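Form predicted on its own, single chain, as structure tokens, below.
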């Protein structure tokens, strides 16, 4: 069903909120639980469509998974050798994480798998995963454009790999680590910049021989079975981002966001906002099942434009749509470079966000690898999300700041990453209404 929202000016945002569980961690907990020995119990699992696609794919390969039920999932692991060939293609919906990580996991299995997805996922590039997996000995067939559907002709054992990632990518890194678990020889990866490290943390917690040699290099030595370990999934900082920015921008606001994951490979959003002048306080920092967690207190603060440091780009790659809105409401100019990765997400996020901001009266200049945004007053209007969940949520916040309401089309994909978004928005004071298709201008 096609869903549209209308967002209107709101008063100060107040209260406390616990956003749903981290999507990246939920995906990885399922996959590593499936290939571990013993029962993995997960608390705080994200019950979104993307993560359910991963669950269903693993079930189709013979893994018993119970839940989710109130955020709880139980997985009876089958070990590194226990996955079975699925009887039909694995439909991964809109989830790029599912496709890229499963491509790595299945590359080392002694059977063939077919990975498919929706129209959006079928346009997203897979060559960056296919190329290094091919170097390890896998045979993966894709379209002429290097997109899904993928036929993964697994091979056991794969060869170990020494590989320098062309761009920082946690998905590519994770795919290669999963492939390397059963390889003949070690896998050594070199990252140009740090990227999120949830996979490494989970692998080490399960007994994998994985070491970081320095800031850029990590090495995995195969041969060890993985042992099940419990997982506590913190609130997703990518979901909290919309409320962090909303509370920063709406005058008089003060929000407390509970149990947010603050893994240092994911906090680029916070660092960029603080450079712009945001008032964000981390309270009670702690660890939950090996992941850093904190409560975040956010108060309204005026922002100013900045040159976004390239070193922070991989640490905030999923949060740039809402950061673009922060830049649009800041005083002065914000410039982003070295972020071409944004063009191959669920949408071309540079172009789609530029079009949306321009429709609301903001001066923008998209570039091949970034964007220039001149801060100014937001007007009302209609914005097409292009079926991108993060774009849809970003412009749902924009209406709270604009002179007139903002209509956002094609918001159904929000359910892939943030089920219950509209309810959470309403609970803290955002004015977000479901809009009948007939009411569109």
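Please read these numbers as outputs of a predicted model, since none were measured by experiment. Numbering follows the first chain given and starts at 1.
Just so it is clear, the following notes concern the form predicted in complex with shikimate-3-phosphate, a form of the same protein that is not shown.
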Segment assignment from 243-251, 97-105, 324-332, 217-225: heavy atom within 4.5 Å of shikimate-3-phosphate in the predicted complex: 97-105
Contact residue in the predicted complex, from 201, 193, 345, 300 (heavy atom within 4.5 Å of shikimate-3-phosphate): 345
Sole residue of 308, 296, 237, 170 within 4.5 Å of shikimate-3-phosphate in the predicted complex, by heavy atom: 170
Every residue of 24, 28 and 318 near shikimate-3-phosphate in the predicted complex, heavy atom within 4.5 Å: yes
Residue 91, heavy atom within 4.5 angstroms of shikimate-3-phosphate in the predicted complex: no
Partner proximity in the predicted complex: residue 271 to shikimate-3-phosphate, non-hydrogen atom cutoff 4.5 Å: no
shikimate-3-phosphate contact at residue 118 in the predicted complex, heavy atom, 4.5 Å: no
Contact test in the predicted complex: residue 341 vs shikimate-3-phosphate, heavy atoms, 4.5 Å: yes
Those residues of 119-149 which, in the predicted complex, come within 4.5 Å of shikimate-3-phosphate by heavy atom: 128
